[in-house]
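In the form predicted on its own, a lone chain appears below as structure tokens.
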Amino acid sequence: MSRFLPWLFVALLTSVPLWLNDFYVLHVMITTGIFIIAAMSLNLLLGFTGQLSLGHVAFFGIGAYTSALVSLGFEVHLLPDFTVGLAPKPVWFAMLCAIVVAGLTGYAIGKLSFRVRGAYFVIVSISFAEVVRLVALNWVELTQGPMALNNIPALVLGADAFELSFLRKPAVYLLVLATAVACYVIIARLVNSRAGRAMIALRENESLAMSVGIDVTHYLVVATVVSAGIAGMAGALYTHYIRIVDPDIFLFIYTVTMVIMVITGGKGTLAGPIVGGALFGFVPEALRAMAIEPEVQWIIYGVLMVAVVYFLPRGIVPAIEHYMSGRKRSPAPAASEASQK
């Protein structure tokens, strides 16, 4: 029965647009779902390889800008007699380009930055995100800088009588849900594969993994490419839903949000980012609905986060798994005592 519970949960989520009439709540679920996808991608690095990337928002923003620019079209004068341009392309093609460009960027960054470890890698990741933000802010001819790219088209599949538009919130919600399920399956297959076991070995003891012949850099780069591609997809979903993108998408607070979702949910678990993302995606909205002052809202938010980390240091999902496994083992001593009597 437990094998079917995740699919029953997905079926319940799929039915949400049928009975939920509050579009604001649906909007919160959409944005929370997008950041859960981004948190799942970060968990692949932080949870399964043990590499803390505090510049992960760069891949999210690169995916957002790539998809926006490809769908809108652009023209850039690199030299006086050399111009690079692209006519507007379909949104589905733009989103694929976002995944590819973010993945290639992850490959380049992984090849360069995984020569260092620990605090040095954290500094490299933060610096990369800041450089990308400054490029988006100052390359006005391409990105419009602080004026932002607007009127970004929504995703449309098919044509004429068979056209499927993702302009309305219920359709976007189902698109985000389908993407989240697909990303979950991809990450689960990767983690349970030979490459995933190598990543976990690196997390547990890198020196021992190297001693048995595991190519550390190779598997870290593989994890970075997949993680960056998924984050780029999340960014593309975000930009075609909000339909505007500016350099603020690279703000450090978004990386902090992803890290909070992973740590509180349970890093190194497949369900951790989902649980942590749902908790810290809806808590601010619930506090806002209670008409609490903004300052008090953030105090409660911070206290809740500290409480989760203090009382559940491994995260919510590992704590639940430990509790359930303890309940399964508890009847055994009672049975043995009865047999002795």
Partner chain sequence: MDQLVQHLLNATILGGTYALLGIGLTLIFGIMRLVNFTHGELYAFGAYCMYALVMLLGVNFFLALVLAMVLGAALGGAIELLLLSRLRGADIDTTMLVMIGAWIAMQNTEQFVWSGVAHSIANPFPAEPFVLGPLSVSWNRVYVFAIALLLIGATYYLVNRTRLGKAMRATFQDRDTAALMGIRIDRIHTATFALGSSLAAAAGALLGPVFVVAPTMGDLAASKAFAIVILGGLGNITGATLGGFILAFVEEIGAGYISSGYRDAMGFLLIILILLVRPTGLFAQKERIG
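Every value quoted in this text rests on a predicted model; they were computed, and no experiment measured them. Residue numbers count along the first chain shown, from 1.
Below, we turn to the form predicted together with the partner chain, even though it does not appear here.
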Can you pick out, from A87, V100, V84, V256, the residue that has a heavy atom within 4.5 Å of the partner chain in the predicted complex? V256
Could you work out which of I244, A178, I123, L78 is the residue within 4.5 angstroms of the partner chain in the predicted complex, going by heavy atoms? I123
From the candidate stretches 308-316, 56-64, 30-38, 270-278, select the single one in contact with the partner chain in the predicted complex, where contact means a heavy atom within 4.5 Å. 308-316
So in the predicted complex, does L52 come within 4.5 Å of the partner chain, heavy atom to heavy atom? yes
Does any part of A286 reach within 4.5 Å of the partner chain in the predicted complex? Heavy atoms only, please. no
Counting only non-hydrogen atoms and a 4.5 angstroms cut-off, does I152 reach the partner chain in the predicted complex? no
Should R115 be classed as touching the partner chain in the predicted complex when contacts are defined as heavy atoms within 4.5 Å? yes
Contacts with the partner chain in the predicted complex - residues in 119-149 whose heavy atoms fall within 4.5 Å: A119, Y120, V122, I123, V124, I126, S127, F128, E130, V131, L134, V135, N138, W139
